[in-house]
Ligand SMILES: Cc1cc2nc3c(=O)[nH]c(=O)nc-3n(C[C@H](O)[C@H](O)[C@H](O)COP(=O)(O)OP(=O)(O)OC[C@H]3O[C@@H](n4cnc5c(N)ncnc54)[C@H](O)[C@@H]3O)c2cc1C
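Below, in structure tokens: the form predicted on its own, a single chain.
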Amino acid sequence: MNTDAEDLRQFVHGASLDAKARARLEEAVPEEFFTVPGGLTAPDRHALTYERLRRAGLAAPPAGELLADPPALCALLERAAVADPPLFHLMLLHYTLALGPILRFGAGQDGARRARESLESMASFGTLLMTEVGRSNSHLSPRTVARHDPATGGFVLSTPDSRAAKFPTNTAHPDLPKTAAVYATLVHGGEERGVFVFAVPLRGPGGAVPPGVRIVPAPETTGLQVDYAAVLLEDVRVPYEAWLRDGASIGADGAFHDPAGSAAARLTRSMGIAPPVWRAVISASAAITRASAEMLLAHSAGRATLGRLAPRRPLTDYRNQQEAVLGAIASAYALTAVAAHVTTPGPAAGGAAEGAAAEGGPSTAWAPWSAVDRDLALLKAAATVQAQETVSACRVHSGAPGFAAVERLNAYRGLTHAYQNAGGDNELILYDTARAMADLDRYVPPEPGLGPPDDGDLDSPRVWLFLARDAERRMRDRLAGRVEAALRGGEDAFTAWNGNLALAARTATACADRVILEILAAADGAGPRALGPVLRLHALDRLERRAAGLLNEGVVPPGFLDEVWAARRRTCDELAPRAAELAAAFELPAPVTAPAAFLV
């Protein structure tokens, strides 16, 4: 047995799931799910995806077990993402954003139990009603309201106008049953009590819509093919047990009680369903990056060129293609390391002060996500950007077939684009991260170093970490100084921050880079021997992309890029003979890298 190959395979797939568990997940998403028949209308395509979701849900372990076992849930969702991105999206919604709140906030409630049974049996499909179409940052203060009705003991849910419609939702298909987790502002006693979740049937058996629910299908899209629609709730009545109250209550005397203590704290608690989403998105980003890298390798290997410099020269002899192939493989391994890190029990690594994970995240201004878990939200943003860049590069370096002959790369690109906004908008996550950094809100800056170790040898993880930490610290100090000076000069908080958003985004990105490079350094030290050069290549690529910031902050001198390019050439020369071995460890199903169907 090739020990290096087995070690790499073990690194990619992890050790927490045994062969029996993996076989069950493969049965839930079999190889037939990796292809889609031609000639389907949009409704037929959606119906197929839901039928596959139903089959997967019945074959996979029970939802409660999956949600309590992040590696298992992420492995199931990874396989779905590689097979069919729309299936991944619907599965993520069903498990983490519909069943997740029911299990987390509705324990012991009869109404929650009924909704859970319907979703777990796949008698109904889960959907989420959170974002509202007419205002940005709508998560912070939904205009959709829930009012307690003393006469019935239940609640009345209403969207005041079309700008408060919930969108996007996967509710358009007219024939499929849907159960929604509806996020609404609870108004009681003339006061807003915070954002709570309600379990609401939106479509019954056969797709029938209950009174007060209005569903407006959106135009068809090819980006991420789901049955999108806007949903308006017009005095929809639900029983008291539909309120996933998380310990809150309204007594017989009308008195309101909430253990969260405040509307702001309630919002953070209600958004606490996000970490399973972020873990799954990071894991899926790693999975589709692995698939894209192997597809590019399959396209490139053995391909001859007719360039006049050297006719019949192999395509991968050209540095640009060689570095694209190996860089994609390296990105795949790097994101796999990040995914393994976030699915391991315990808080995500980062710069938060000790104990911050138990206490919640920092205060936020743009979105609620960093208040739930700043570092995990930040890694979601970084992973989706990295996956999008790599998938796009694989598509471009696959030439015309990457665009026109193989829909899979287009589908992966659509998924990575969607999750720049879905699961928490990446830019808003960066801004809230930067604000916490500037305010030292549960954030400890990296210690200043005396200088790069090992004579600045870019092959050394210690050098990567020195550069990343130094850049992060300098950017953070400069951002904090600029905002503080603006506030001292009489500017209000909006103006002070609005003038520094570009620096804020770079500062938070520097923090993400440092966290990722720390994860890679740890993986390099503890992982397979063959992993070191692969992770080094990703670190070099990351440093190249950040060269402008490193130069601007004075972290590196002019000529730095020449050093990075030379180190990358050395690393690629070392890795090129092993490209097939590195990709083989991904163990992708045959349909992923099969030739274009019309040529077979």
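In this text, all values refer to a predicted model and were calculated from it rather than measured experimentally. Heads up: residue numbers just count along the shown sequence, starting at 1.
Another form exists, predicted in complex with the named molecule; not displayed. Remarks below refer to it.
Contact annotation for the candidate site: 53, 125 and 410 all lie away from the named molecule in the model of the complex (no heavy atom within 4.5 Å). At the 4.5 Å threshold, heavy atoms of residue 141 stay clear of the named molecule in the model of the complex, well away from it. Of the heavy atoms in residue 315, none are within 4.5 Å of the named molecule in the model of the complex. In the model of the complex, the named molecule sits beyond 4.5 Å of every heavy atom of residue 257. None of the heavy atoms of residue 202 is located within 4.5 Å of the named molecule in the model of the complex. Among 224, 72, 298, 521, the residue placing a heavy atom within 4.5 Å of the named molecule in the model of the complex is 224.
Scanning 130, 87, 99, 406 against the named molecule in the model of the complex with a 4.5 Å heavy atom cut-off leaves one residue, 130.
With the partner omitted here, the stretch from 165 to 173, 331 to 339, 526 to 534, 238 to 246 that lies within 4.5 Å of the named molecule by heavy atoms in the model of the complex is 165 to 173.
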